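To begin, one chain is listed below as structure tokens, in the form predicted alone.
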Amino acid sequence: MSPETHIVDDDPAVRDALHWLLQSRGVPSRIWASPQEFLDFVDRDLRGCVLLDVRMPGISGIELFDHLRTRHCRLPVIFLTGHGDVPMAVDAIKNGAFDFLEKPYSDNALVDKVLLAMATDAELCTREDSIGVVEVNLAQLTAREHEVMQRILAGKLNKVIADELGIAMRTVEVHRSRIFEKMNVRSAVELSQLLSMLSGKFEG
């Protein structure tokens, strides 16, 4: 799905102005008249970011943000706030929102934040795709290859691995070669760096 900025605001004049601004800067965008309308559309495959007014009738911007988190939608959310709503926006950032803009804001500041949010989302998607490849490759290893790999990662020499597992050193060398081939790496250092991506999978 192509990345877009999703503008959620109950004021048609604001929606249209934001849509026109982003389109004029080459940023694809889509407008939503209410939080519920956006919620009915949203899924985990959406890419881009969300521009979200804090105060709206029915479901507020903060409540919509909570719904998105519950649905594991990881789109970066930028809140548009009046002065009195800044404390709420700051709390939302502590809970994972991307940023907020206080009204009145400059066009350049808004576009800059949107571009940064979309770049952040793209980077996250690339990272998740890479992690998916690593997980698929890891699943191809046999139980014995996993045992050998853990010892390789611990920095143990082939002879030590052979002694610990009760197998010939030549067998360890074969396992090491197959592990590197399946994981698409050339060294133990590369293997360690690759698997460190998995350990940081839910960080950030």
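Being a predicted model, the structure only gives us computed values, none of them experimental. By rigid core we mean the largest C-alpha set that fits within 1.5 Å across both forms. Residue numbers here begin at 1 and follow the sequence given.
Just so you know, the form predicted in complex with the DNA exists too; it's not on screen, but the next bit is about it.
Remark: of stretches 143 to 151, 47 to 55, 22 to 30, 61 to 69, the one touching the DNA in the model of the complex is 143 to 151 (heavy atom within 4.5 Å).
None of E37, E135, E164, E173 but one reaches within 4.5 angstroms of the DNA in the model of the complex through a heavy atom, and that residue is E173. Annotation for 156 to 170: interface residues with the DNA in the model of the complex are L157, N158, K159, G166, I167, A168, M169, R170 [heavy atom within 4.5 Å].
Core-superposed comparison between this form and the one not shown: the C-alpha position of S24 differs by less than 2 Å. Once both forms are fitted on their core, the CA shift for R55 between this form and the one not shown remains under 2 Å.
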